[in-house]
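First comes one chain, alone, set out as structure tokens in the form predicted on its own.
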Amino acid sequence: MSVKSYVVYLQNSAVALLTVFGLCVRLSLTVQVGLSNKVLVFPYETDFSFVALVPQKELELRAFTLCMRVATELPEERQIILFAYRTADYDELNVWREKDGRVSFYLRGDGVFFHLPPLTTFRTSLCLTWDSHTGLSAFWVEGKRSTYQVYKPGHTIRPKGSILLGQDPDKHLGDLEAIQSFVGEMTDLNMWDFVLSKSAIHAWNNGHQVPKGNIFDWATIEYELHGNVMVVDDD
């Protein structure tokens, strides 16, 4: 997506964020591109710090793979939003660590929950795969797949929403909630509109070359920082 298209996208997103989610933010339209060898640091709990992402294509999806590397010091009983994609009326795709420590994702309604190794101060390589045709969904931790769960076969994720890291926008709650915000580090977030093979997920986990994400590619990702989010070298 071109910078010009991104500006239009953000203008539309700003209207959605301000009028639908009721957020007291003003988008500065400061476009930044590419986070290769960089880490996003969310240093502390806030109700105003987040990263807005613009996809390379609309998220009208019947399958996807979402991968990221994440670290947090937050205790397991603290709910954390890991990824939020919302249209005007629904949470189309949200990924959470729940208050009981399970990791979950939601596609416009009730979610599906997985018992995974805990997220800790040490970086975890985390992927999520889902295929509408079969409903098969799984998390992958350090290249190892969880048990499959069948979730929403036949479902389609709808386009024309807003994607945030660090916060969960919700029009019913109004402003963003600090108690749900992400605190920690994120890096190497990539997303594809298909399910990666087991070998490709293993390759990504080990830092090897894989097909570039055709929704988000960390090296060329377009994003905008808000609040106190920092970009630091991945050393």
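One rule holds for the numbers: they count along the sequence shown, beginning at 1. The shown structure was predicted, so the numbers you read here are calculated from the model rather than taken from an experiment.
Beyond the structure shown, there is the form predicted in complex with another copy of the chain, which is absent from this document and is the topic of what follows.
A.B. asks: Between 30, 209, 206, 197, only one gets a heavy atom within 4.5 angstroms of another copy of the chain in the predicted bound form; which residue is that?
C.D. replies: Going through each option in turn, the one that passes is 197.
A.B. asks: Here the chain is shown alone; which of 110, 100, 73, 89 has a heavy atom within 4.5 Å of another copy of the chain in the predicted bound form?
C.D. replies: That would be 73.
A.B. asks: Could you tell me which stretch in 61 to 69, 162 to 170, 178 to 186, 45 to 53 has residues with non-hydrogen atoms within 4.5 Å of another copy of the chain in the predicted bound form?
C.D. replies: Only one stretch qualifies here: 178 to 186.
A.B. asks: Is residue 106 close enough to touch another copy of the chain in the predicted bound form, meaning at least one heavy atom pair within 4.5 Å?
C.D. replies: No, residue 106 sits far enough from another copy of the chain in the predicted bound form that none of its heavy atoms falls within 4.5 Å.
A.B. asks: Find out whether any non-hydrogen atom of residue 120 is located within 4.5 angstroms of another copy of the chain in the predicted bound form, and reply yes or no.
C.D. replies: Contact check for residue 120: yes, within 4.5 Å of another copy of the chain in the predicted bound form.
A.B. asks: Residue-level contact is defined here as any heavy atom of the residue lying within 4.5 Å of another copy of the chain in the predicted bound form; does residue 79 satisfy this criterion?
C.D. replies: Judged by the heavy-atom cut-off of 4.5 Å, residue 79 is well away from another copy of the chain in the predicted bound form.
A.B. asks: Closest heavy atom of residue 96 to another copy of the chain in the predicted bound form, within 4.5 Å or not?
C.D. replies: No, residue 96 stays farther than 4.5 Å from another copy of the chain in the predicted bound form.
A.B. asks: So which bits of 199 to 235 sit within 4.5 Å of another copy of the chain in the predicted bound form, heavy atoms only?
C.D. replies: In sequence order, 230, 232, 234, 235 come within 4.5 Å of the partner.
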